[in-house]
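Only one chain is given next, in structure tokens, and it is the form predicted alone.
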Amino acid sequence: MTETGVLLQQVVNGLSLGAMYALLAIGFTLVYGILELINFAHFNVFMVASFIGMWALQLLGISGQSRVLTGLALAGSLGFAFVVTMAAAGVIGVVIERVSLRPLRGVGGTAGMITTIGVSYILFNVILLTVGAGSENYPNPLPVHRWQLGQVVVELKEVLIWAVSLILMAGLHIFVSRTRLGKAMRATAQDAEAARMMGVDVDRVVVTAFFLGSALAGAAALIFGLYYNYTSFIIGYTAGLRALTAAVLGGIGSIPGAMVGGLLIGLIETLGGQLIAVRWTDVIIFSILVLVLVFVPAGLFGRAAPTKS
């Protein structure tokens, strides 16, 4: 493969990674847009959801690479796994909001953010103590299909990632822009007190944001498992930090910004690893985070605004 072909292949890989980071980044941006809170528990909601997705596939009798499915059997199995994983992750997000964050709603300062760090460690240690520290081989029912497009090879799993990500992002855009609850979310994000005075149920809006953000993290977790064919108790921090960087780069609080930021971070990770060295990718990505926070704190699509607290 020529040097140009290698770079184009890394672009394809970067778009796949970026789609996963974008789904995860949307969870950060939904919650921040409404509560101005960085939900650090989101890291490990993603991690727990990856295990739930694995168990859902195992429940169907799919383990390791032993069962390759096609047609309706493949669509049904993946559909079941996505629904179960997203629903379970959404419920975890709602429980986190109701139990640990709602009692702190009127407390100023960093109490809420520190609480999410504590919840994150609880989730981390629950999986560590119950499942163990080893990596788990992820069930993968996808057949190996490859298409040669010029100098680029596209695999079925990459097409699946792009299709699922586009469907979920388009669905979220329609929900936020067209539905009554979506409009209530936008109103609450602009001014929660004014929205409450206009009859918006702010508590319901907050729960919806946590459910949707966590459900998208669940979809990203299942995509991660199918793409890398493993999961572990430690995956939340690496993917979560990169997704947070994507949200900040795009403009935290902006859903389109989270999408674009996720794709950019995915491309930076793969192209940086190819052009410089894999071991330098974290340095590059988190240097971008620092530079954005210092010089463009509103991000690419965000808007500078006074804090609501």
Partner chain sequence: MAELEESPASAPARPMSGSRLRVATLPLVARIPPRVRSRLAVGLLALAALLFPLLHANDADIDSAANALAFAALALGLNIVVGFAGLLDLGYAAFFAIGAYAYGAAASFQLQPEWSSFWEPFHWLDLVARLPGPAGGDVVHFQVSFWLMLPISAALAALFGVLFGAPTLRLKGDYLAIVTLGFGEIVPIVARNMPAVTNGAMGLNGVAAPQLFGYSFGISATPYYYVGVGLVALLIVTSLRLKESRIGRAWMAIREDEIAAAAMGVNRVRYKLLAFAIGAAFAGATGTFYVAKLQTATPEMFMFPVSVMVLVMIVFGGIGSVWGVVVGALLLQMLQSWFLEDLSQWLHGLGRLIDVAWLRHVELASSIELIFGVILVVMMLYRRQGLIPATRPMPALSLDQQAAQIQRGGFATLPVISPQPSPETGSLLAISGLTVSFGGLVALREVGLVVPRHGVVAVIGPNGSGKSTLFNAVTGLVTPDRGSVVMAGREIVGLPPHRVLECGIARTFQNLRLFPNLTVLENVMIGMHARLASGAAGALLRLPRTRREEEEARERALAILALFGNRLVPRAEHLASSLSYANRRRTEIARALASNPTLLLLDEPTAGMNPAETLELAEQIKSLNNSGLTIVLIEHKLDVVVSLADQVVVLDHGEKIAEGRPETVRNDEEVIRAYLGRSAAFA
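Positions refer to the first chain, counted from 1. Computed from a predicted structure; not experimentally measured. So that the term is clear: the rigid core is the largest set of C-alpha atoms that superpose within 1.5 Å between two forms.
The same protein also exists as the form predicted together with its partner chain; that form is not shown, yet it is the one meant from here on.
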Open item on the list: Pro103, Ile252 and Phe286 - do all three of these have some heavy atom no more than 4.5 Å from its partner chain in the predicted bound form?
Closed with: yes
Open item on the list: Considering non-hydrogen atoms and a 4.5 Å limit, which listed residue (Val176, Val94, Ile117, Leu156) is close to its partner chain in the predicted bound form?
Closed with: Ile117
Open item on the list: Within 4.5 Å, heavy atoms only, which of Leu181, Val202, Ala73, Ile122 is in contact with its partner chain in the predicted bound form?
Closed with: Ile122
Open item on the list: I need the one stretch from 86-94, 185-193, 207-215, 105-113 whose residues put non-hydrogen atoms within 4.5 angstroms of its partner chain in the predicted bound form.
Closed with: 105-113
TODO: Evaluate Ile52 for contact with its partner chain in the predicted bound form, applying a 4.5 angstroms cut-off between non-hydrogen atoms, and reply yes or no.
DONE: no
Task: Ala41, heavy atom within 4.5 angstroms of its partner chain in the predicted bound form - done: no
Task: Leu244, heavy atom within 4.5 angstroms of its partner chain in the predicted bound form - done: yes
Task: its partner chain contact in the predicted bound form: Leu160, any heavy atom under 4.5 Å - done: no
Task: Exceeds or equals 2 Å, Cα of Leu17 between this form and the one not shown, core fit - done: no
